[in-house]
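As a starting point, one isolated chain is supplied in structure tokens, in the form predicted on its own.
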Amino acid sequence: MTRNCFKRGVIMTVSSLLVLMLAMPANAGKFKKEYRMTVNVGPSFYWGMGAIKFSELVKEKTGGKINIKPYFGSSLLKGAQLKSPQMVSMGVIDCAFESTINTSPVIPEMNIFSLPFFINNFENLDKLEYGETGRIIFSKMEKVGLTPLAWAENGFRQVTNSKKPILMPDDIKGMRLRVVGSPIFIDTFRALGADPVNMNWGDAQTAFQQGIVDGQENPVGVLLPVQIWQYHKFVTFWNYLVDPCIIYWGTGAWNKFPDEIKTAIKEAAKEAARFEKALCRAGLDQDTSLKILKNEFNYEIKIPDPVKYLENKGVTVSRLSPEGVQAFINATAGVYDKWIPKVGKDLYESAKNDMAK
């Protein structure tokens, strides 16, 4: 190769690189190829469907600059779902679509939603989330390196069993129930005279089939995809506590985003959360959430009436009478004595004030 040919080759190569660089968008190389999001459940659950919606909306609203991949079943945490806030705050995981139950070991104030028979309905829940209570909890998250984006939902938790309807505290005494491993759940069911056990869902299914465990508690958005009627023929809709979810990002990584990206992701989070909340509430708040799904998202939910659906599967659906509700409140009074100091007396009073508005 002559020297002139070599020079021409170098010039052509450099020119080609310059053309490619000029053709690249201004933000190229600024963002990661994939942002990882931890999700506790699978994609068939309403919670998982909300996570998919969030990732789709973020891609759309950022023009494809930010691509979020949901990792379902806490796979990034190898099943250690309670570690999600630490992993996100450290930047090991980018973001989370996470339950307040799983975040409560790091932020104990989130146990405000787990005080038994305290919130009771969607109206009260909304007042807490978008009132002073929600602002306090979001500020607590910010102090541990988490940037909250939107309130989502897993729903009010109901109790199912294979024995009989649960209408009064005496009905649950002696029952062996699979519950969330959070200490406040254990304390609540022990106060009711039940025998609470913590186990993963795979082990619980086997225990149900063998009659080792009598029942469990979960929201409708879990009862339907796990086909709870295979194991239990009795469900009590008692709304004894609620399981909100929060979409959040690690603050260190979040602060590196330009403002237009932050705005787009926040908009996506709020829209996805509204969609996911409507999934969880569909058929349980008259037709409010069904209208949101249809009119705002052009979405027809597969099971628009979960109560009727369960009944058609042979499940006896019960609801507590006002006397029954008061009896359960009285039976769990000791849980309040123990947990209000942990949640914070001021936060508890803020929650009561929010609900009174």
Ligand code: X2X
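Quick note: we count residues from 1 along the sequence shown, nothing fancier. For the two forms, the rigid core is made up of the largest set of C-alpha atoms that agree within 1.5 Å on superposition. Being a predicted model, the structure only gives us computed values, none of them experimental.
Omitted here: the form predicted together with the named molecule. The next part is about that form.
**Student:** For this chain shown on its own, do N102, R178 and D243 all sit within 4.5 Å of the named molecule in the predicted bound form, going by heavy atoms?
**Tutor:** Per the other structure, all of N102, R178 and D243 touch the named molecule.
**Student:** Determine whether any heavy atom of K127 comes within 4.5 Å of a heavy atom of the named molecule in the predicted bound form, and answer yes or no.
**Tutor:** No, K127 sits far enough from the named molecule in the predicted bound form that none of its heavy atoms falls within 4.5 Å.
**Student:** Would S114 count as a contact of the named molecule in the predicted bound form, using a 4.5 angstroms cut-off between non-hydrogen atoms?
**Tutor:** S114 lies outside the contact set for the named molecule.
**Student:** Report yes if any heavy atom of F54 sits within 4.5 Å of a heavy atom of the named molecule in the predicted bound form; otherwise report no.
**Tutor:** Looking in the predicted bound form, residue contacts with the named molecule do not include F54, since no heavy atom lies within 4.5 Å.
**Student:** Would R274 show up as a contact with the named molecule in the predicted bound form if we use heavy atoms at 4.5 Å?
**Tutor:** Outside the cut-off, so no.
**Student:** Select, from the options 129 to 137, 162 to 170, 279 to 287, 178 to 186, the stretch whose residues sit within 4.5 angstroms of the named molecule in the predicted bound form by heavy atom distance.
**Tutor:** This holds for exactly one stretch, 178 to 186.
**Student:** Only one of T62, S318, N40, T332 has a non-hydrogen atom within 4.5 angstroms of the named molecule in the predicted bound form; which is it?
**Tutor:** The residue from T62, S318, N40, T332 that makes the contact is N40.
**Student:** Answer with one of W201, W254, F237, Y71: the residue that has a non-hydrogen atom within 4.5 Å of the named molecule in the predicted bound form.
**Tutor:** By the 4.5 Å heavy-atom cutoff, the listed residue in contact is W201.
**Student:** Going through 146 to 163 from first to last, which residues have a non-hydrogen atom within 4.5 Å of the named molecule in the predicted bound form?
**Tutor:** N154, R157, in sequence order.
**Student:** Using the core for the fit, does the CA position of F117 change by 2 Å or more between the shown form and the other one?
**Tutor:** No, the C-alpha position differs by under 2 Å between the shown form and the other one.
**Student:** With both forms fit on the core, is the shift of the CA atom of F208 between the shown form and the other one 2 Å or larger?
**Tutor:** F208: C-alpha displaced by 2 Å or more between the shown form and the other one.
**Student:** Compare the CA separation of G202 and G73 in the predicted bound form with the one in the displayed structure, and answer closer or farther (the difference is at least 3 Å).
**Tutor:** Closer: G202 and G73 approach by 3 Å or more in the predicted bound form.
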